[in-house]
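Read the single chain below, which is given as structure tokens and is the form predicted alone.
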Amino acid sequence: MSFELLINALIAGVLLGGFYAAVTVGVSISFGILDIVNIAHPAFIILGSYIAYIVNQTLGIDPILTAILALPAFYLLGSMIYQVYYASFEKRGQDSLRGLAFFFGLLFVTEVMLILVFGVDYRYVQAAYIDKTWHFGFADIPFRMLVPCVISLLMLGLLQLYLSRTFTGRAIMAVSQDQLALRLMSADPARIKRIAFSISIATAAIAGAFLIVIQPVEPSVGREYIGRVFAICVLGGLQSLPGTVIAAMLLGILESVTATFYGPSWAPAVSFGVLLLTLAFRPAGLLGR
């Protein structure tokens, strides 16, 4: 085993883990906190990628800046989706199987719409930092991975502060635990869940920009992340954003080392292996309660 290869694989794994954290945080909120199995989340990430692509190609604006500007639109989209989900399924107590089918439908409808508009060709963006790399001896740090990782960790830090220091944030953390107590605190559980779900969809805009900065995308790429995001969410522990970051880093390192020394075709199997082992030996996750 080459020491230089190992160091570069570890660096790449940490940077990849930062990206995975951004991809997973929306699922950590919707599934981990709200108990809503939004398997369509990767499709909204791809939607964010294509919005970043359109603006970058037409106006030349940085894709990550585009995603930040698109946050209100994605928040509104999340609010609309939750209203439909609540009125159609959750309010009637049918949010388990039928709700899951609803998000399956959203996943495929979004993907088909993107295929009809953009086709199946890979799309990419331009930014000043994408082709730059820091060289420290034999260690290489590509900016296209470093910038998404740093901004991802900053985003999760701000979200953790919001959830732990504000009334609405603490209400979001409590909504799946005791809705009666939440009502006694003059908070409407449906409104709190709508806010939380909207935030989860808004994070998809940022993750989508990160994705298209890191690699070219096409509409079906999002499917590759369904297993990963739920593996990270479960491994980190439900309702724990710090756990999500730790789990994302671990999975990123495992995948990077596996791809480096055993081939990239083995890397996806790591996610499902980690998920199965976590469910078998540590169902509460690393930082689960």
Partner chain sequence: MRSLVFYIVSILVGAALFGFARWLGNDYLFFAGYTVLQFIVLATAWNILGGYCGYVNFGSAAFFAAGAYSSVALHKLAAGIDRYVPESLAGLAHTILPLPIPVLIVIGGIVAGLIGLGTGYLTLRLRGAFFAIATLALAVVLQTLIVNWDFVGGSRGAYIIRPSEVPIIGSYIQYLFLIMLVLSILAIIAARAIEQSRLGYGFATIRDDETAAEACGVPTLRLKLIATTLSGALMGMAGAPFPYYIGYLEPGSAFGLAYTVNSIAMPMIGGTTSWVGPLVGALLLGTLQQIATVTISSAVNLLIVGLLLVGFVIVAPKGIVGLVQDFMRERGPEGSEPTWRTRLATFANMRPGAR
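Computed from a predicted structure; not experimentally measured. Numbering follows the first chain given and starts at 1.
Below, we turn to the form predicted in complex with its partner chain, even though it does not appear here.
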query: Its partner chain contact in the predicted complex: residue 191, any heavy atom under 4.5 Å; finding: no
query: Contact of residue 143 with its partner chain in the predicted complex (heavy atom, 4.5 Å); finding: no
query: Residue 275 within 4.5 Å of its partner chain in the predicted complex, heavy atoms; finding: yes
query: 4.5 angstroms heavy atom contact with its partner chain in the predicted complex for residue 108; finding: yes
query: Listed residue (254, 37, 55, 246) with a non-hydrogen atom within 4.5 angstroms of its partner chain in the predicted complex; finding: 37
query: Among 68-76, 83-91, 153-161, 124-132, the region lying within 4.5 Å of its partner chain in the predicted complex by heavy atom distance; finding: 83-91
query: Contacts with its partner chain in the predicted complex - residues in 120-146 whose heavy atoms fall within 4.5 Å; finding: none
